[in-house]
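Given next, in structure tokens, is a single chain: the form predicted alone.
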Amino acid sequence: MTPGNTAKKDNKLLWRIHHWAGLYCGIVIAVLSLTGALAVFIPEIDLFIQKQYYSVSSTPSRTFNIGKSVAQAEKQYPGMSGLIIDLPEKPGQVAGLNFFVGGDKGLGLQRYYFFVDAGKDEIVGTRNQQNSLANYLRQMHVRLYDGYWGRQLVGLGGIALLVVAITGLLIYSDFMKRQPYPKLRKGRGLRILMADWHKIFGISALAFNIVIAITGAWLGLQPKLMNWFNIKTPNNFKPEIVISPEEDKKTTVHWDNLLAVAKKEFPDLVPNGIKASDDGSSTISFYGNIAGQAYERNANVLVISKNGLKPVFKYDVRTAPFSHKFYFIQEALHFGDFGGLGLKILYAVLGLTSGFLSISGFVVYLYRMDKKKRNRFSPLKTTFIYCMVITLVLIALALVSMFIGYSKAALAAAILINGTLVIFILYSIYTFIRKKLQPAHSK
């Protein structure tokens, strides 16, 4: 076989891999592109909703006061557990009490969220955190709102995006030498124009999409990979049990004093959340960030004993081994949550390119198929219908989640995803068998 024929055969194989990876994973990539572009703004969106929908704010104060609010929540829900206090990031923002209460008649835990004016130390509102738009965007992007297969499908979508990006570079690198970047071939029809835009966007956002693909694949498959390879969360700490859980819950906590101790013991820590123990360890854990560091939110930890206010554990990512830093940089790189609003806008714009690549690639594919067999609808009309159906499904799931309930939306998403997978597998088996049997019938 001549070198020219070998190169042609290799290019055909790359084309086939690029084609099938993009075609079969295009819907997942497009959904992740859209939800990811919105997910980078989750803190800003949630803050806007708090102000406009819940009309909550905090009174300016030099001290942080939530003792009465915590006591009120404990009195209202005596069986509360897993209390996490969300700290305001800016003046005027409310704090939050996030906790669980045991369900009646074995129905499981129920999650509650109270808004707290930390200046006046009073509860000013409540919401179901699971039914919030912020939770919907996060859950849809991270696991397609499906608790069983969703996260693995997202991880596989990341792998598919990586395959599409690399094969696209190998396929079009030689072509781009013959066609100066970013030249468009005008006057040759919509298919050629769309194909040129597909190449231009693919090359322009190549580095970004590779980073998003690698980090997305890791984050999606993380639970399975960590289980298979026995990887432990680097900042995980289990303090010693020193008293009974009942005594632990009754221990008086002076939150303002604790914040002062945390500031002294870990000056660079900007705490976002505080977790009060209820297991008998008699500790308060602070989770937060360090300004100027590109790591996952709340990767830094400081644990202080309730009695004596002495630190029992401190985790500073800056002093951690390289493997720890590599672990915690994945989510930060994936969501762009380390460079301010400007970087988030850039992430959103670049993130939408992978969705455009899915759509434009599908259009080009339909035009090619249209040459072989006249379809009932034009490629653009077919693509528009697909996009509208997917968009309406996402909106419908969001409305169900926010106004009916998270569990109902999750059930609908699970039925939709698992049903689609079953149909896809059965259709693939049917197509394979039909192709195998077709020569016998034609004789």
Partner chain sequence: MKDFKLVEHNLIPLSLFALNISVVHLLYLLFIDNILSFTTLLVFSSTIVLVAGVIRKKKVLMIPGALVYTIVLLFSL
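Small disclaimer: the values here were computed from a predicted structure and weren't measured. Positions refer to the first chain, counted from 1.
Here the subject shifts to the form predicted together with its partner chain, a form of this protein not shown in this document.
- Note on contacts: among 172, 136, 328, 266, the single residue with a heavy atom within 4.5 Å of its partner chain in the predicted bound form is 172.
- This chain lacks the partner; the member of 208, 356, 313, 112 within 4.5 angstroms of its partner chain in the predicted bound form by a non-hydrogen atom is 208.
- In the predicted bound form, at least one heavy atom of residue 338 sits within 4.5 Å of its partner chain.
- Contact annotation: residue 203 falls within 4.5 Å of its partner chain in the predicted bound form, judged by heavy atom distances.
- Under a 4.5 angstroms non-hydrogen atom cutoff, its partner chain in the predicted bound form has residue 342 among its neighbouring residues.
- When contacts are judged by a 4.5 Å heavy atom cut-off, residue 228 does not count as touching its partner chain in the predicted bound form.
- Looking at 298-306, 119-127, 93-101, 178-186, the stretch with residues near its partner chain in the predicted bound form, meaning non-hydrogen atoms within 4.5 angstroms, turns out to be 178-186.
- In sequence order, 346, 347 are the residues of 346-363 having a heavy atom within 4.5 Å of its partner chain in the predicted bound form; the partner itself is omitted from this view.
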